[in-house]
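In the block that follows, a single chain appears as structure tokens, in the form predicted on its own.
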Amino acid sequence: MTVKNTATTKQRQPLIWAVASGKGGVGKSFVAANLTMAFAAHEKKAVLVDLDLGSANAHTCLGINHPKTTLSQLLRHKNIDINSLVEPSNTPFMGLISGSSDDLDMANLKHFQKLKVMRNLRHLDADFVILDLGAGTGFNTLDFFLYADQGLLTVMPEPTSVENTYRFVKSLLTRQLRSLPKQSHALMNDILIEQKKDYGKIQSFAQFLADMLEKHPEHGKNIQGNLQKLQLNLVVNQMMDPADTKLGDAMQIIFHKYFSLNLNLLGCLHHDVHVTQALKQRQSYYQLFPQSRNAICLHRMAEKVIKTQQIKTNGVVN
């Protein structure tokens, strides 16, 4: 992938997607890497940024054995163009910024380092930037997820994965609301105390929001406004049973009921032994098995995203 960044050309800002999961082992990196490849297959410049710091393996999913450049170089040097860190892949329109590093401090970014990465992500010469975030609810993961234009959650059809996805969103909302004024926080605490007194426990986030809107409309609308900024998407991975197809619909209902959030079901992927085969061969699944059911699903996901973005930008699909 050749990256050009000239002073005479006004560079567009990329659309940033953050891929996360409530727990590890649900195929988050697989989805992030292969969705990036699907964007590239549509001839959209796409850069995968491995922010699963400390456990970076996106390069393996793409078949890149030893990345020559890594994200740590951005933090070590004062004046460096982030585009120079994009590792080219053997797929046109696609590149990788690896998180693989011997720098142990990379696993726990300091606040100023996180801000530096965020600022630079907007300068990537790409149509789409996909962030492969660490699993769980660490502050860095939550902050990068909230920073992105779109968030993508990866879930498997098993109770622990669903439960951890639910907890991830609760942590995400708590983190998002930290920026509200002190007065709002005081009123929020009053509502929570009242709920515990009246019901014996704190109610759902949706009920909390309804109480805020009723008793403190101005502050409730601020919270509601923050919620509307949160763009959440879902990929159900590793489906093995026909009944698993219902999980996405069920989670959409749950998210609306308990969080007052709209969850967009981007697509579903099936269990496929070829995923492990591709990893063992150190090649990308999307390239090695382009006619597989999952590759076709990923291609359609990317197409859906591109069309939606075109409608938002131009009002029409090209």
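Numbers for residues come from their place in the sequence shown, where the first is 1. These numbers come from a predicted model, not from an experiment.
Keep in mind that the form predicted in complex with a small molecule is not shown, yet the notes after this line are about it.
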property	result
The small molecule: the contacting residue among 251, 56, 26, 64 in the model of the complex [heavy atom, 4.5 Å]	26
Heavy atom within 4.5 Å of the small molecule in the model of the complex - the one residue of 89, 233, 238, 165 that qualifies	238
Partner proximity in the model of the complex: residue 275 to the small molecule, non-hydrogen atom cutoff 4.5 Å	yes
Touches the small molecule in the model of the complex: residue 30 (any heavy atom, 4.5 Å)	yes
Touches the small molecule in the model of the complex: residue 265 (any heavy atom, 4.5 Å)	no
Proximity of residue 256 to the small molecule in the model of the complex, heavy atoms at 4.5 Å	no
Output flag, 271, 279 and 294 jointly within 4.5 Å of the small molecule in the model of the complex, heavy atom basis	yes
